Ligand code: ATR
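Given next, in structure tokens, is a single chain: the form predicted alone.
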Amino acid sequence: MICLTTSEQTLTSALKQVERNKEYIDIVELRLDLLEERELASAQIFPRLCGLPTIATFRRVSDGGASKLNDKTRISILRSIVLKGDFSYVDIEDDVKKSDLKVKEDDKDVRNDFEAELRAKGIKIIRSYHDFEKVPAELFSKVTKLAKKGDIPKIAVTPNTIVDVVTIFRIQQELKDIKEKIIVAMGPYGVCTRILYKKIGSMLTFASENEEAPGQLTPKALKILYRADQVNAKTNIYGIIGNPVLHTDSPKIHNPGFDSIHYNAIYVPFLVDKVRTFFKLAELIQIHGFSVTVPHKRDVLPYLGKITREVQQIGACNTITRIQGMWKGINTDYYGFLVPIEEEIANEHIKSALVIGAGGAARAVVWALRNHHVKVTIVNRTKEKAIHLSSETMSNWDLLENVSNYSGKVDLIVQTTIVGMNESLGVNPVPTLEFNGNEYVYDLIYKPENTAFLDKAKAAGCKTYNGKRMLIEQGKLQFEAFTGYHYPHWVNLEL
């Protein structure tokens, strides 16, 4: 199930939120703690009005919620709402004291056992545990302990490394006897598990219009882009690894492509700090292939059993497929980069180029240009990388601090670093470089489409290119490597 977590302060707004997302969801979590206090008196009518199974959650601050009430008062309010409504589930934190669950009605001296009342009414209890800092060492035993109470165990933890992600994916194997369970991995490392929730044995995944919990996706993204609820034992898993990686638009290329040819597959972003551990995860969940982005394009090479001529020449890999029991490395960046400028090169409008950076992406760019007889100069912050790449490709090199010396002296300027996106949004990696308006200027960044670097070039009258066309073209070649089919021409890519 895909579960929408409401984020509104009024019931009317929450119902509108459900209506906007109804075609993408199966169940709703009504966040009582986010509602205005005056709304709580009418909250029992929500399940009937929304028309979907509903989880009642009254989350305290310590567990990522907004309620500052003590547990006794909070549980008392929760009881008064739930027992009057048609809720399917109630979320109760695992450490709530038994005494706080013995709720006294206002007009009676009798203390009612809230849990017993829920079970008598057929409302299932979700017993939840949250850790916003880590994945606890006793994760498996914690789930087992919660399940022994006869309730649905819910674990929401925070992976900080790809090793933690491996642990979470092992839950399905280790705890397969616990049929109903909810597993949530929060934060950037947890995004892949929210999409592949069925692969970790979770009965549902949470989604929101706003990021109500770290790493949540929208219901539409889970249902339409990833088709996460359709994943089954026969689904082939593909993905992209990098650090950072969650900005990627690659899923918008591959998932619509898979869907259009009726190929049972899913393409997922994996935030990866250590390549070696990711290959272990790939074996664990049987990943069939994946794209590789910064900073791992060279780090993956030792784990490949076979590589193409381009990978051998470039020394960097952006595509890996599983073939005959081994991993095969391909480089589609090489060809994808050339597509927007191949005519200018063929017409000899581009005879010289300045390449900014010397990482994995730069290697593909320099080799592509050199193999088409373009004279290249590499400028980089660190001297060693620039010298190494220049010696391999018979190019010139210089330090980035001297980039102003090349103002107006080359036909093509290619920016291959990640400066200008994410934390460095709006930053120009070469502010001292000037343009005369005759240059072709290419930034491999595609999000944002207009970087500070490209804006300066456009203002000078240069012909500019961002990385979107390259992304699409290299992605189509990856799709062919993954599936054996040409990318379907009828798919309208919206990046």
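Take the two forms, find the largest set of C-alpha atoms that superpose within 1.5 Å, and that set is the rigid core. We number the residues from 1 along the sequence you see. No experiment lies behind these values; they were computed from the predicted model shown.
What follows is about the form predicted together with the ligand, which we do not show.
Residue heavy atoms within 4.5 Å of the ligand in the model of the complex occur in exactly one stretch of 379-387, 307-315, 145-153, 115-123, and that stretch is 379-387. Not displayed here, the ligand is approached by residue 400 to within 4.5 Å at the level of heavy atoms in the model of the complex. When contacts are judged by a 4.5 Å heavy atom cut-off, residue 159 does not count as touching the ligand in the model of the complex.
Interface residue remark: residue 416 is counted as part of the site for the ligand in the model of the complex, having a heavy atom within 4.5 Å.
Proximity of residue 358 to the ligand in the model of the complex: non-hydrogen atoms within 4.5 Å are present. Relative to the superposed rigid core, the position of the CA of residue 361 differs between this form and the one not shown by 2 Å or more. Comparing the forms between this form and the one not shown, the C-alpha position of residue 419 differs by 2 angstroms or more, with the core used for superposition.
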